[in-house]
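Presented below, as structure tokens, is a lone chain in the form predicted on its own.
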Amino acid sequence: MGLRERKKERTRLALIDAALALFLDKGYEATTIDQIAGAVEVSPRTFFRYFASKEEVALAPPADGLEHFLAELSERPDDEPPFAAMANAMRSVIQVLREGDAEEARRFVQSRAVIDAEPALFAASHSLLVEQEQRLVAEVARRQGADPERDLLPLFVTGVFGLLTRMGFEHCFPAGVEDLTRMAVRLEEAIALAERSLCPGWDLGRVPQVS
């Protein structure tokens, strides 16, 4: 990124950090946009250049993670089976969180803590997942050369993967960055369970031969 883009990204991350700290200290409902902007020494108008609402800034870390996951998935080989491609893309995201920028990992954990404590944000986070699943269905359909409006297989494959990722996130937050390790282990266990339990080629619509 150029100098201007780096400066904008620093401001964006500062707003996220300030918002998460205030949400955890004062509570989501009690925190105002003015307080978030004041903590970063910018105006509320500047806040709205980056985020449309408190909800959007609270959901920014998982939303960024979803975008990273979709970007990783788009880089997977087209001849890789859809479930394997999604599993490997998710492993890449988790590896970045565990071994990459400690600040990024902290933001992710703090955001999950805020989301889990606030019913409205928890519901909004599920809306993000639904949006992601729609994009995943389109990507799986593209890989299979299928019509997602007529073929149920892309939706089924995406639904199975979505269930496994929810299993991985369940009961992992909040506590600390070390929970990223626990989440990674749970995700890997869930993916391995699916790989053991499902017939090879299931995500490609292949019917296993019975001897």
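Think of the rigid core as the biggest set of C-alphas that the two forms share within 1.5 Å after superposition. Quick caveat, the model's predicted, so the values are computed rather than measured. The numbering used is simple: start at 1 and walk along the sequence shown.
One more form of this protein should be noted, the form predicted together with a further copy of the same chain, which is absent from this view; the next part is about it.
For the options Ala60, Ala146, Val42, Met167, the residue carrying a heavy atom within 4.5 angstroms of a further copy of the same chain in the predicted complex is Met167.
In the predicted complex, a further copy of the same chain sits within 4.5 Å of a heavy atom of Phe156. Using a 4.5 angstroms threshold between heavy atoms, Ala21 stays clear of a further copy of the same chain in the predicted complex. Although the partner is absent here, Leu13 sits far enough away that none of its heavy atoms falls within 4.5 Å of a further copy of the same chain in the predicted complex.
Among residues of the shown chain, Glu189 is one whose heavy atoms approach a further copy of the same chain to within 4.5 Å in the predicted complex. Between 45 to 53, 63 to 71, 147 to 155, 25 to 33, the stretch whose residues reach within 4.5 angstroms of a further copy of the same chain in the predicted complex through a non-hydrogen atom is 147 to 155. The candidate spot formed by His126, Leu193 and Ser197 is fully in contact with a further copy of the same chain in the predicted complex: every one of the three has a heavy atom within 4.5 Å. Superposition of the core reveals a Cα shift of 2 Å or more for Ala190 between the shown form and the other one. In the core-superposed comparison between the shown form and the other one, the C-alpha atom of Ser125 has shifted by less than 2 angstroms. The rigid-core alignment places the CA of Ala21 less than 2 Å apart between the shown form and the other one.
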